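Next up is one chain by itself, shown in structure tokens, the form predicted on its own.
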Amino acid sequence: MQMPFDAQDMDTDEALLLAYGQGDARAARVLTLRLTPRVLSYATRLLGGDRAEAEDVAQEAMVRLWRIAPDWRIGEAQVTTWLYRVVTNLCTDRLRRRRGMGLDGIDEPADTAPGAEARLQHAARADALQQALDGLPMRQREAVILRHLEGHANPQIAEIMEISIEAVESLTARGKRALAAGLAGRRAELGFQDD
């Protein structure tokens, strides 16, 4: 019999999930605050910046996590690996539906809020990066986002994407080259100066 959640268990996602599975709502709150921003950011990038749709994906992924909590077995997978895989699958399904409805050509509305020059420059860079990411094949986009924007190591990415580490390395290398090529002609426009 396991003890209820306490402050010492806050170290691992797995311990928190097990505590929630045993009825401890505090563990769910801690895990939600820890994981939701990360999966929301990942989903937003995969979905081309569509924050509203990404919020739906993040919520659905967290609901699925809560459903499996009572049956979670430590050591079979990391909570984050499982959760990123679910988010990837949900985003892939939504992107397929979008293409089927012909909506993938609709641009996101531009941010018209006035701000300081630095804020505008940052927004332009973020938009340029998102556009370049959107131009990558889906698997390259997933690998690049997981590695360079989410900060995951190649072995965890391989587990999330269910491919070999070598395939992860290949996808990220090809994705980085494509991003560099796509952004190369925009250096001056984006405020990057050659040294």
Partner chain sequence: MTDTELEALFAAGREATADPSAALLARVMDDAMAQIEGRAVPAAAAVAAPLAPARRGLLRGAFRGAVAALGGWPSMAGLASAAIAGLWIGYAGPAGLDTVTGALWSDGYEVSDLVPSIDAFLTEG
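Residue numbers count along the first chain shown, from 1. Note that this is a predicted model, so its numbers are computed, not measured.
Below, we refer to the form predicted together with the partner chain, which is not included among the displayed structures.
For the chain shown alone, G135 is not a contact residue for the partner chain in the predicted complex, no non-hydrogen atom being within 4.5 angstroms.
In the predicted complex, the partner chain sits within 4.5 Å of a heavy atom of T44. In the predicted complex, the partner chain stays beyond 4.5 Å of every heavy atom belonging to I163. Remark: A167 does not count among the residues lining the partner chain in the predicted complex, judged by a heavy atom distance of 4.5 Å or less. Annotation for 28-46: interface residues with the partner chain in the predicted complex are A28, R29, T32, L33, T36, P37, L40, S41, T44, R45 [heavy atom within 4.5 Å].
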